[in-house]
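First comes one chain, alone, set out as structure tokens in the form predicted alone.
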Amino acid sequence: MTTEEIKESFVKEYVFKIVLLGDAAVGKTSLITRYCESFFEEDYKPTLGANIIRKDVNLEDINTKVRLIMWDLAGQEKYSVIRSMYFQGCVGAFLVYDITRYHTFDSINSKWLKDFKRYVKKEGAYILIGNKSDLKKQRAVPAENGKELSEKIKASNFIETSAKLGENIEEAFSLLVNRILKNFGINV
């Protein structure tokens, strides 16, 4: 085996804990389900406390494997007391709002980002997601507002998604993984 073949056979492996944050019923669980299982559940079932989901991602172009440990945190206020303990070891987050409910958008800066910054190391990456983009006729939050908030809060990216249709789901997770890798000094 040549030196080059040995280098190519060496695969870098990482484990990243990420959280999905946002008010109840913004689609956090649906985003994860669509990403991990390519499936969408029509019936809403609120998350109780937290769900933990694992997905392994192969980034062949940089010879890297990433194991994502995704913590889907309940958005209901009654869980706010215990939520802080779920942030330990977290390196990234999705800040998710529902484009059809303006108050979920307001909660990003007033609640969810504050929690993330309070409990996560400063180099934690976060992306702002406007979910339910398939509900265009019911839109209450213009995409421009999402872009402006993203810049204001210094999010790594802003993206609108539809867990129902599967729009921009892969891209959202890819953007977050790439930003986390860059935060760890890995060229992507």
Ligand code: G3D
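It should be emphasised that the depicted structure is a prediction, and the values quoted were computed from it without experimental measurement. Sequential numbering from 1, following the sequence displayed.
This next part talks about the form predicted in complex with this ligand, which is not shown.
S.K.: Do heavy atoms from each of 30, 134 and 162 fall within 4.5 Å of this ligand in the model of the complex?
M.R.: The answer is yes; 30, 134 and 162 each reach this ligand.
S.K.: Classify residue 129 as contacting or not contacting this ligand in the model of the complex by the rule of any non-hydrogen atom within 4.5 angstroms, answering yes or no.
M.R.: No, residue 129 is distant from the partner.
S.K.: With a cut-off of 4.5 Å between heavy atoms, is residue 15 one of the residues that contacts this ligand in the model of the complex?
M.R.: Contact with this ligand, no.
S.K.: Using heavy atoms and a 4.5 Å limit, would one call residue 11 a contact residue for this ligand in the model of the complex?
M.R.: The answer is no: residue 11 has no heavy atom within 4.5 Å of this ligand.
S.K.: How about residue 175: is it within 4.5 Å of this ligand in the model of the complex, going by heavy atoms?
M.R.: Outside the cut-off, so no.
S.K.: 151-159, 50-58, 116-124, 134-142: which one contacts this ligand in the model of the complex at 4.5 Å, heavy atom to heavy atom?
M.R.: This holds for exactly one stretch, 134-142.
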